[in-house]
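Only one chain is included here, represented as structure tokens and corresponding to the form predicted on its own.
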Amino acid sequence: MAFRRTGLRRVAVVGAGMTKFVRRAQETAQELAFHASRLALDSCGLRIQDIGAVCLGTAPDAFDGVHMNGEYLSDGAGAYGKPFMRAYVGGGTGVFSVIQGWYHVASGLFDAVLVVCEEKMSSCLPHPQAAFLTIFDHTTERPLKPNLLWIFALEMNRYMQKYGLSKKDIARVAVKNKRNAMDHPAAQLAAEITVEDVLNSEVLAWPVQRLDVSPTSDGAVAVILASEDAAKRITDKPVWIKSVGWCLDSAYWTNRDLSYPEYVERAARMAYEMAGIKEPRKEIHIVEPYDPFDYKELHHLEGLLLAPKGEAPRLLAEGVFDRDGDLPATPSGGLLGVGNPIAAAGLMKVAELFWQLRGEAGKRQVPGNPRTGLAQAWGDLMQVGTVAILGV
């Protein structure tokens, strides 16, 4: 379903902005959204008056501790007096918000749209995990008092058992991403660590340990999308959204094989078909997969068809996913190193590709001349896959 066959307009990313990812930001959630929006506008010389509509993303309201969080954040995100849409699908929100913005521009409704994603998770006390008990089925699941951490532990254990993987195989992701984040100016938990550091960290719910997990974070990211005509007036280096894809699977995580994220594959196939990509491993030059846990990056690379099932850990050990490897994966440092303000973390993936494809990523720039990148996010109750493919 290429653009020329749909009649949709081409859409470009023309600006991006990102706050520092921190724990307990001094700014309110509204101020975080404002700062990211201001940075994005300034990056391409636009004013809020030039924006036709605003698409906002936050994860569940409880994370910010504010009911009707979209309305609360709207003025900080620059939406006063403008068409405004809020979307959220948990961790998949950051990329899904870009998809919503893409629709607004590709349809011909608007020439410029501001996409803003924010999370101020430190407002949720004692911990955002406490908000999740109520998302489970009240009869079959909630009596077990589940939380996402031990469900992810089940998933990680299943992945390891099916493919004969060790904790050492998976820990290399945390080592790589925290090291990559040392070159990121917005990073919260950048560090030079070893596999042994990961293996010796506190056990949270076996096999998940402290350094396998991304931190609770506050932060915001914004990008500006523009139609082809507008983009060419705004910048001489537009980064085009070549395609998008998404999938929402069943909320019943107990009735599927946790070793493989089929919902990510379905989203990826939708995006590949739209972009006309036949061989993803050869045609994608840089990838920013969603990495809230170290095993999830490997899980998602396989779901994106960028590694055979169960083979991502081997490719990781061989250096394929290093910043200077054959397929750089998470050269930004990702959620494990930069931080994880849920919705904003997904949009960070898109912003990072924007900077990488323009050659503006500074010390974290991948070598060579990448032409096509993929951003992926994942969320809700292990059921949502969202994908955007960008190119120059």
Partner chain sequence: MPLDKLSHPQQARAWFDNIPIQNQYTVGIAGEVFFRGLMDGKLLAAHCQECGRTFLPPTLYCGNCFSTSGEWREIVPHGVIDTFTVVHLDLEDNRLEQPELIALVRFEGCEGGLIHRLGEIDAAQVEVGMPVEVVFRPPQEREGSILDIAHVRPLTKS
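Since the model is a prediction, treat every value here as computed from it, not as a measurement. Residue numbers count along the first chain shown, from 1.
Not on display, but discussed next: the form predicted together with its partner chain.
K.L.:
Consider Gly90 of the chain shown here, and say whether it contacts its partner chain in the predicted bound form, taking contact as heavy atoms within 4.5 Å.
P.N.:
The answer is no: Gly90 has no heavy atom within 4.5 Å of its partner chain.
K.L.:
Do Pro143 and its partner chain share at least one heavy atom pair within 4.5 Å in the predicted bound form?
P.N.:
The answer is yes: Pro143 has a heavy atom within 4.5 Å of its partner chain.
K.L.:
Can you tell me whether Cys124 touches its partner chain? I mean in the predicted bound form, with a 4.5 angstroms heavy atom cut-off.
P.N.:
Flag for Cys124 set to yes.
K.L.:
Is Glu31 a contact residue for its partner chain in the predicted bound form, using a 4.5 Å heavy atom cut-off?
P.N.:
The answer is yes: Glu31 has a heavy atom within 4.5 Å of its partner chain.
K.L.:
Name the single residue among Ala131, Leu305, Met182, Leu204 that comes within 4.5 Å of its partner chain in the predicted bound form, judging by heavy atoms.
P.N.:
Looking at Ala131, Leu305, Met182, Leu204 one by one, just Ala131 meets the 4.5 Å heavy-atom criterion.
K.L.:
Of Gly76, Pro280, Pro292, Pro238, which residue is found within 4.5 angstroms of its partner chain in the predicted bound form when only non-hydrogen atoms are counted?
P.N.:
Contact check passes for Gly76.
K.L.:
Based on heavy atom distances of at most 4.5 Å to its partner chain in the predicted bound form, which listed stretch, 65 to 73, 344 to 352, 360 to 368, 331 to 339, is the contact stretch?
P.N.:
Stretch with heavy atoms near the partner: 65 to 73.
K.L.:
Note that its partner chain is not shown here; using its position in the predicted bound form, name the residues of 14 to 51 with a heavy atom within 4.5 Å of it, in sequence order.
P.N.:
In sequence order, Ala25, Gln26, Glu27, Thr28, Gln30, Glu31, Phe34, His35, Ser37, Arg38, Leu41, Ile48, Gln49 come within 4.5 Å of the partner.
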